[in-house]
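The chain that follows stands alone, in the form predicted on its own, written as C-alpha cells.
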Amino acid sequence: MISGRNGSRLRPRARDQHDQAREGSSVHRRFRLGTLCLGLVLLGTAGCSSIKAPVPTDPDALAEYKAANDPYEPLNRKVFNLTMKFDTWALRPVAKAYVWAVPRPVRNSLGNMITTMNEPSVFFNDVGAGKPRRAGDSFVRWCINMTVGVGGLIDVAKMAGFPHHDNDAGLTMANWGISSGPYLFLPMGPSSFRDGIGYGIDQGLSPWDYVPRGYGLVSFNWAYNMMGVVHGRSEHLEDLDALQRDALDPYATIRSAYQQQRKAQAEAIKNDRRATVPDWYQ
C-alpha cells in the first residue's frame, strides 16, 4: 500500500495535473489569438458591401482612398466603435483605478517588467531582420534586467547604456520587403494584414508559452497579460481623452498616426547599420 501511494497510484494523478496545466496553456494561447483570428475570418467575406468600401471613380477621391489604404473601412469603423465602447465602460475605468491606486514608482517598475518579459521576442525579430547589433543589445538587456534588475522590475540595462528598442514580426517582415497590406482595426487595436499575421508570430516567439506549466505559472501568465493591457492603457489616458475630445474624426486620426508610426519604425530598423561590436569594446 505504501509503495503504491508513492509510486504507481500517484503517476496517473501527476499526468492529470500535467494535462490540465498544458490544457490551460493551450486555452491561454487560443484566447490571445482569438481576436486576431476573428478579424481575419470576418475579412474572408470581404466581398460584402457592408465590409468593403467601394472604389471611388473621382480622381481626387481615388487618390485619398489609396493614401488611406483602408478598403475595409466600413467593417473597421464598426470594430473601432465597439472597441471604444468597451474602452469607455470597462478598460478606461480600470486603468484610471490602477493609476489612482498604484504609485508612479511601482507602475514604472511594472512597466519595466513587462518590457523585459517581451525582450526575447524583440531579440528573435532583430535576428530575423538581420540586425546582429540590435539583437545583441536585446540579449544583453534581457540578461542584465532578469538578474541585476530583479526580474525586470529595474531597468538596469538602460543605465548601463542599453536602452530598449522596439521590434516585432510585422516590422521584421517590413524589412524583408513585405508590404503592409490593407489597414485593419482589430479588437486589440490598429493593425494591418502584415502586422496582424506578425502578431500571431510574436505569440509563438514568446518563451513564456513554452515554459512547463505548474507552480502557478498559468496564473502568472494570465496576470502578466492582463497587467500589460491595463498598464498600456494607463500610459495613454490623457492622450486618448484629448483625441476623442478634439479630433474631428478620431478613427481617421488613429489610422494615420498608426501608419506613420509603423513606417517610421520600419525605416529606423532598416537604417540601423551600426557595427556589430559596440564602440566601448573597440
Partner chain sequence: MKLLSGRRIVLATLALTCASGLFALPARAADNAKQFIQNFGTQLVAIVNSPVPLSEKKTKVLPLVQKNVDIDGIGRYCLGRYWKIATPEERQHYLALFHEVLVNAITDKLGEYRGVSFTIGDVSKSGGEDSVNAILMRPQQPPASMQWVVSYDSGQPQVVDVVGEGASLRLTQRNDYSSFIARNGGSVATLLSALQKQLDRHNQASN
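Residue numbers count along the first chain shown, from 1. From a predicted model like this one, the values you see are computed outputs, not experimental measurements.
Another form, the form predicted together with its partner chain, is not on view; read the next lines as being about it.
Choose from 138 to 146, 71 to 79, 94 to 102, 112 to 120 the stretch whose residues reach within 4.5 Å of its partner chain in the model of the complex, heavy atoms counted. Selected range: 71 to 79.
Contact assignment for its partner chain in the model of the complex, among Leu237, Val55, Met226, Ala257, heavy atom within 4.5 Å: Selected option: Ala257.
Mark Ser219 yes when one of its heavy atoms lies within 4.5 Å of a heavy atom of its partner chain in the model of the complex, and no otherwise. Close contact is absent here: in the model of the complex, Ser219 is far from its partner chain, nothing within 4.5 Å, heavy atoms only.
Taking its partner chain as it sits in the model of the complex, is Asp249 in contact with it (heavy atom to heavy atom, 4.5 Å or less)? Although its partner chain is absent here, Asp249 would touch it in the model of the complex, with heavy atoms inside 4.5 Å.
Is Glu64 close enough to touch its partner chain in the model of the complex, meaning at least one heavy atom pair within 4.5 Å? Result yes; Glu64 sits at the interface with its partner chain in the model of the complex.
Should Ala264 be counted as a contact of its partner chain in the model of the complex, where contact means heavy atoms within 4.5 Å? Flag for Ala264 set to yes.
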